[in-house]
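Presented below, as C-alpha coordinates, is a lone chain in the form predicted on its own.
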Amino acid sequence: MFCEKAVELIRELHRMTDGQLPAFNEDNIRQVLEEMKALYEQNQTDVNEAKTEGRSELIPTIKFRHCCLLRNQRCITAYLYDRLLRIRALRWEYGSVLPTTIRFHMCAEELEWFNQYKKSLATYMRSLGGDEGLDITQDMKPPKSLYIEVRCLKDHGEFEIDDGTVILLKKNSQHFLPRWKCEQLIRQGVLEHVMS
(Lines give C-alpha, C1' and ligand atoms only; values in the text may rest on other atoms or scores of the structure.)
Protein backbone atom coordinates (compact mmCIF):
# COMPACT_ATOMS: atom_id res chain seq x y z
CA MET A 1 0.00 0.00 0.00
CA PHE A 2 1.17 3.51 -0.73
CA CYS A 3 2.66 5.72 2.01
CA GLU A 4 2.91 2.95 4.63
CA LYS A 5 6.65 3.33 5.19
CA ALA A 6 6.34 7.11 5.45
CA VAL A 7 3.62 6.85 8.09
CA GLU A 8 5.72 4.25 9.91
CA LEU A 9 8.50 6.86 10.26
CA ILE A 10 6.07 9.26 11.94
CA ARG A 11 4.72 6.54 14.24
CA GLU A 12 8.28 5.67 15.25
CA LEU A 13 8.88 9.24 16.43
CA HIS A 14 5.48 9.38 18.11
CA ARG A 15 6.30 6.28 20.20
CA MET A 16 9.42 7.93 21.65
CA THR A 17 9.03 10.19 24.64
CA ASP A 18 10.30 13.76 24.62
CA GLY A 19 14.04 14.00 24.96
CA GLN A 20 14.68 10.62 23.34
CA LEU A 21 16.17 10.27 19.90
CA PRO A 22 15.44 7.04 18.02
CA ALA A 23 18.05 5.62 15.68
CA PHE A 24 18.03 7.25 12.26
CA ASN A 25 15.90 4.95 10.07
CA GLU A 26 17.85 5.13 6.83
CA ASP A 27 16.24 1.98 5.42
CA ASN A 28 12.69 3.31 5.68
CA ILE A 29 13.70 6.68 4.25
CA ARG A 30 15.38 4.96 1.31
CA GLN A 31 12.26 2.85 0.71
CA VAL A 32 10.02 5.93 0.82
CA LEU A 33 12.29 7.76 -1.65
CA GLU A 34 12.27 4.74 -3.98
CA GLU A 35 8.47 4.63 -3.78
CA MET A 36 8.33 8.34 -4.58
CA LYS A 37 10.62 7.84 -7.58
CA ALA A 38 8.46 4.96 -8.86
CA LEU A 39 5.26 7.00 -8.40
CA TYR A 40 6.79 9.97 -10.21
CA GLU A 41 7.96 7.83 -13.14
CA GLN A 42 4.54 6.15 -13.41
CA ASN A 43 2.88 9.57 -13.38
CA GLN A 44 5.21 10.88 -16.09
CA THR A 45 4.39 7.89 -18.30
CA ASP A 46 0.63 8.28 -17.74
CA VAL A 47 0.70 12.06 -18.24
CA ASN A 48 2.50 11.66 -21.55
CA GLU A 49 0.03 8.94 -22.57
CA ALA A 50 -2.95 11.06 -21.50
CA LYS A 51 -1.66 14.02 -23.52
CA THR A 52 -0.66 12.18 -26.69
CA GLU A 53 -3.50 9.66 -26.86
CA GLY A 54 -6.16 11.71 -25.08
CA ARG A 55 -6.80 9.09 -22.38
CA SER A 56 -8.66 11.14 -19.79
CA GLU A 57 -9.48 8.03 -17.71
CA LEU A 58 -5.86 8.15 -16.43
CA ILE A 59 -6.32 11.54 -14.76
CA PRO A 60 -7.81 10.22 -11.44
CA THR A 61 -4.94 7.72 -11.15
CA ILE A 62 -2.42 10.49 -11.83
CA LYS A 63 -4.01 12.69 -9.17
CA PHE A 64 -4.02 9.83 -6.66
CA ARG A 65 -0.31 9.14 -7.24
CA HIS A 66 0.43 12.84 -6.95
CA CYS A 67 -1.36 12.96 -3.58
CA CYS A 68 0.72 9.97 -2.45
CA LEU A 69 3.89 11.79 -3.52
CA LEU A 70 2.89 14.87 -1.53
CA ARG A 71 2.01 12.79 1.54
CA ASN A 72 5.36 10.97 1.43
CA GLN A 73 7.13 14.29 1.06
CA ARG A 74 5.29 15.76 4.08
CA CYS A 75 6.01 12.67 6.19
CA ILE A 76 9.75 12.69 5.42
CA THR A 77 9.96 16.43 6.04
CA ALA A 78 8.11 16.06 9.36
CA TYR A 79 10.38 13.15 10.37
CA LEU A 80 13.58 15.06 9.62
CA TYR A 81 12.33 18.31 11.18
CA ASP A 82 11.22 16.58 14.38
CA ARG A 83 14.63 14.92 14.67
CA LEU A 84 16.36 18.29 14.28
CA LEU A 85 14.18 19.78 17.01
CA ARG A 86 15.09 16.89 19.30
CA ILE A 87 18.80 17.27 18.49
CA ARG A 88 18.60 21.02 19.21
CA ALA A 89 16.96 20.29 22.57
CA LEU A 90 19.74 17.77 23.34
CA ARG A 91 22.31 20.56 22.90
CA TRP A 92 20.59 22.55 25.63
CA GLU A 93 20.18 19.50 27.86
CA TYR A 94 23.63 17.90 27.57
CA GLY A 95 25.81 20.79 26.46
CA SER A 96 28.27 20.82 23.60
CA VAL A 97 29.35 17.18 24.08
CA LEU A 98 26.68 14.55 23.45
CA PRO A 99 26.93 11.11 25.04
CA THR A 100 28.06 8.40 22.64
CA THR A 101 24.74 6.56 23.03
CA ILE A 102 22.93 9.56 21.54
CA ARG A 103 25.52 10.25 18.84
CA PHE A 104 25.21 6.61 17.79
CA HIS A 105 21.55 7.26 16.86
CA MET A 106 22.42 10.19 14.58
CA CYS A 107 23.38 10.08 10.92
CA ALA A 108 26.42 11.96 9.59
CA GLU A 109 24.35 14.91 8.35
CA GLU A 110 22.68 15.28 11.75
CA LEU A 111 26.08 15.26 13.47
CA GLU A 112 27.24 17.96 11.06
CA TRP A 113 24.08 19.99 11.76
CA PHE A 114 24.62 19.59 15.52
CA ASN A 115 28.21 20.83 15.22
CA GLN A 116 27.11 23.85 13.16
CA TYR A 117 24.35 24.64 15.66
CA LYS A 118 26.84 24.30 18.51
CA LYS A 119 29.23 26.74 16.78
CA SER A 120 26.45 29.23 16.04
CA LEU A 121 25.26 29.12 19.64
CA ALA A 122 28.83 29.57 20.93
CA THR A 123 29.36 32.56 18.63
CA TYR A 124 26.13 34.12 19.84
CA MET A 125 27.01 33.55 23.52
CA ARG A 126 30.47 35.14 22.98
CA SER A 127 28.77 38.22 21.52
CA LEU A 128 26.77 38.73 24.74
CA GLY A 129 27.95 40.14 28.05
CA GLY A 130 31.15 41.95 27.12
CA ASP A 131 34.60 40.38 26.83
CA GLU A 132 33.87 37.02 28.49
CA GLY A 133 30.53 36.37 26.86
CA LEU A 134 27.48 34.95 28.59
CA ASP A 135 26.63 31.27 28.88
CA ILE A 136 22.88 31.22 28.33
CA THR A 137 22.74 27.43 28.67
CA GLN A 138 23.63 27.45 32.38
CA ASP A 139 20.49 28.00 34.42
CA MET A 140 17.79 26.07 32.63
CA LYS A 141 15.56 26.49 35.70
CA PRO A 142 15.67 29.52 38.01
CA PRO A 143 17.92 28.69 40.99
CA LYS A 144 16.49 28.59 44.51
CA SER A 145 19.96 28.92 46.03
CA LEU A 146 23.40 29.77 44.72
CA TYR A 147 25.03 26.68 46.24
CA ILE A 148 23.82 23.09 46.01
CA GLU A 149 24.87 19.77 47.43
CA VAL A 150 26.01 17.29 44.80
CA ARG A 151 27.15 13.68 44.78
CA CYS A 152 29.76 12.51 42.29
CA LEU A 153 28.51 9.56 40.21
CA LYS A 154 31.84 8.71 38.60
CA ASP A 155 35.49 9.67 38.92
CA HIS A 156 36.03 12.99 37.15
CA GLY A 157 39.31 14.32 38.51
CA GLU A 158 40.11 17.81 39.74
CA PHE A 159 37.55 20.59 39.51
CA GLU A 160 38.41 24.23 40.17
CA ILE A 161 35.87 26.76 41.39
CA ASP A 162 36.10 30.58 41.15
CA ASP A 163 37.96 31.21 44.39
CA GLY A 164 40.79 28.93 43.22
CA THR A 165 39.82 25.98 45.37
CA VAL A 166 40.50 22.66 43.67
CA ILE A 167 38.12 19.85 44.52
CA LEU A 168 38.74 16.21 43.66
CA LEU A 169 35.58 14.67 42.24
CA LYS A 170 35.69 10.99 43.15
CA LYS A 171 32.85 8.52 42.86
CA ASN A 172 30.31 8.75 45.74
CA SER A 173 31.93 11.89 47.23
CA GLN A 174 29.59 14.75 48.20
CA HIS A 175 30.33 18.46 47.86
CA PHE A 176 28.67 21.83 48.41
CA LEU A 177 29.36 23.76 45.20
CA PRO A 178 28.16 26.85 43.32
CA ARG A 179 25.18 25.85 41.22
CA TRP A 180 26.38 27.51 38.03
CA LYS A 181 29.74 25.72 38.17
CA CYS A 182 28.30 22.22 38.45
CA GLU A 183 25.07 22.42 36.41
CA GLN A 184 26.86 21.33 33.23
CA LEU A 185 28.37 18.33 35.03
CA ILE A 186 24.94 17.40 36.34
CA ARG A 187 23.56 17.37 32.78
CA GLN A 188 26.50 15.24 31.64
CA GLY A 189 25.82 12.69 34.37
CA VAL A 190 29.05 13.29 36.32
CA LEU A 191 27.27 14.85 39.31
CA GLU A 192 23.86 14.32 40.88
CA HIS A 193 21.96 17.02 42.80
CA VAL A 194 21.32 15.74 46.33
CA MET A 195 17.90 16.82 47.56
CA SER A 196 17.84 17.31 51.32
Partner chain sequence: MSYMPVSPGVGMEENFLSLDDILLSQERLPCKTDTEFPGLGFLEKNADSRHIPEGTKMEMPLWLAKGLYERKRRVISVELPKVYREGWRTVFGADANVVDLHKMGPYYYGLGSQMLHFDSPENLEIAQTVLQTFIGRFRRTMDSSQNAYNEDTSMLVERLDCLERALFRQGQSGLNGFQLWEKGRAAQLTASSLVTNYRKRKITDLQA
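Between two forms, the rigid core is the largest collection of C-alphas that superpose within 1.5 Å. From a predicted model like this one, the values you see are computed outputs, not experimental measurements. Numbering follows the first chain given and starts at 1.
Heads up, the form predicted in complex with its partner chain isn't pictured, but that's what we're talking about next.
Visitor: Quick check on this chain: which one of 53, 158, 57, 27 has a heavy atom within 4.5 Å of its partner chain in the predicted bound form?
Guide: By the 4.5 Å criterion, the partner-contacting residue is 57.
Visitor: Answer for residue 151 alone: is it within 4.5 Å of its partner chain in the predicted bound form, judged on heavy atom distances?
Guide: So residue 151 does not count as contacting its partner chain.
Visitor: Report whether the minimum heavy atom distance between residue 45 and its partner chain in the predicted bound form is within 4.5 Å.
Guide: No, residue 45 is distant from the partner.
Visitor: Answer with yes or no whether residue 188 is in contact with its partner chain in the predicted bound form, where contact means some heavy atom within 4.5 Å.
Guide: Heavy-atom contact with its partner chain at 4.5 Å: present for residue 188.
Visitor: Can you tell me whether residue 68 touches its partner chain? I mean in the predicted bound form, with a 4.5 angstroms heavy atom cut-off.
Guide: Because a heavy atom of residue 68 falls inside 4.5 Å of its partner chain in the predicted bound form, the answer is yes.
Visitor: Pick out the residues of 73-99 whose heavy atoms come within 4.5 Å of its partner chain in the predicted bound form.
Guide: The stretch touches the partner through 74, 75, 77, 78, 81, 82, 85, 86, 88, 89, 90, 92, 93, 94.
Visitor: Spell out whether the Cα of residue 188 moves at least 2 Å between the shown form and the other one when the two forms are superposed on their rigid core.
Guide: It does shift by 2 Å or more.
Visitor: After core superposition, I'd like to know whether residue 152 moves between the shown form and the other one (criterion: C-alpha shift of 2 angstroms or more).
Guide: Yes, residue 152 moves 2 Å or more.
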